[in-house]
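Below sits a lone chain in structure tokens, taken as the form predicted alone.
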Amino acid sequence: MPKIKVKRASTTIDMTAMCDVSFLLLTFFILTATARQPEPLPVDTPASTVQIKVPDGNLGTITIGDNGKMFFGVTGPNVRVRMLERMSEKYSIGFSQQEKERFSLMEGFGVPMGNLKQIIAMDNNERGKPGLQPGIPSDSTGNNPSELHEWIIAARYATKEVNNAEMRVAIKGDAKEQYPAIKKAIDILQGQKINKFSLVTNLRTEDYGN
């Protein structure tokens, strides 16, 4: 009796549709992604085992490093613009609409108020050069509070006005930074009755157990 030959099914799979979907997804992610701005003051934060994440929004961050330099940044471009407007009124320094737009893209800065225009006019690469920004003045003069104190107040008001939310504060200090610099930032916060804030650390991965 003759054997019946079973016709083999083709193993070729049409990948055209899958490739189309992949390219569409890739295009979507590229177009919607936001390039991360370089940190104005890179710091090596100390390690800890705490796994609580700092919030993504309504957050003001004081960065401390490079021998006590203090930088400040707040989340949200609209909040940054409103914060700048309040500081502009406080120090009687005007900013154009273009300068406000450029400032809204800056995640942090570390210069006295009188030098802010020069920093805003720079591109990201120039702005991030080591040693260019001397830090925001953090010492009070006479009865006048420090500029860092004023920036924090302006950011708190701006966050409330724009997002109707209370701004939370995080301190991001370099692991090699001396305690007096960290304490100075804490004193400024406590001067505004901010007694609850976050300390940014890296998650410790080494096993120190027995």
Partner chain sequence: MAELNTGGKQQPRVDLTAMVDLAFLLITFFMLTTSLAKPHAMDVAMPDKDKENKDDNLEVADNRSMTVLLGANNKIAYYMGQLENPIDGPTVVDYGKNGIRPVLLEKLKSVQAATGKGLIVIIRPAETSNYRNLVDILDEMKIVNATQYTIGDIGEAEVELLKEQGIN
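Positions refer to the first chain, counted from 1. For clarity, a rigid core is taken as the largest C-alpha set superposing within 1.5 Å between two forms. Not measured: the values here are computed from a predicted model.
The form predicted in complex with its partner chain is left out here; the points below concern that form.
Trainee: Tell me, yes or no, whether Ile171 is in contact with its partner chain in the predicted complex, where a contact means a heavy atom of each within 4.5 Å.
Mentor: Looking in the predicted complex, residue contacts with its partner chain include Ile171, since a heavy atom lies within 4.5 Å.
Trainee: Quick check on Val54: any heavy atom within 4.5 Å of its partner chain in the predicted complex?
Mentor: Val54 belongs to the contact set for its partner chain.
Trainee: Does any part of Gln178 reach within 4.5 Å of its partner chain in the predicted complex? Heavy atoms only, please.
Mentor: Yes, Gln178 sits close enough to its partner chain in the predicted complex that at least one of its heavy atoms falls within 4.5 Å.
Trainee: Is Gly68 part of the interface with its partner chain in the predicted complex - any heavy atom within 4.5 Å?
Mentor: Outside the cut-off, so no.
Trainee: Since the partner is left out here, which residues of 124 to 155 would have a heavy atom within 4.5 Å of its partner chain in the predicted complex?
Mentor: Sequence-ordered list is empty.
Trainee: Asp20: CA shift of at least 2 Å between this form and the one not shown after core fit?
Mentor: Yes, because once the rigid core is superposed, the C-alpha of Asp20 moves 2 Å or more between this form and the one not shown.
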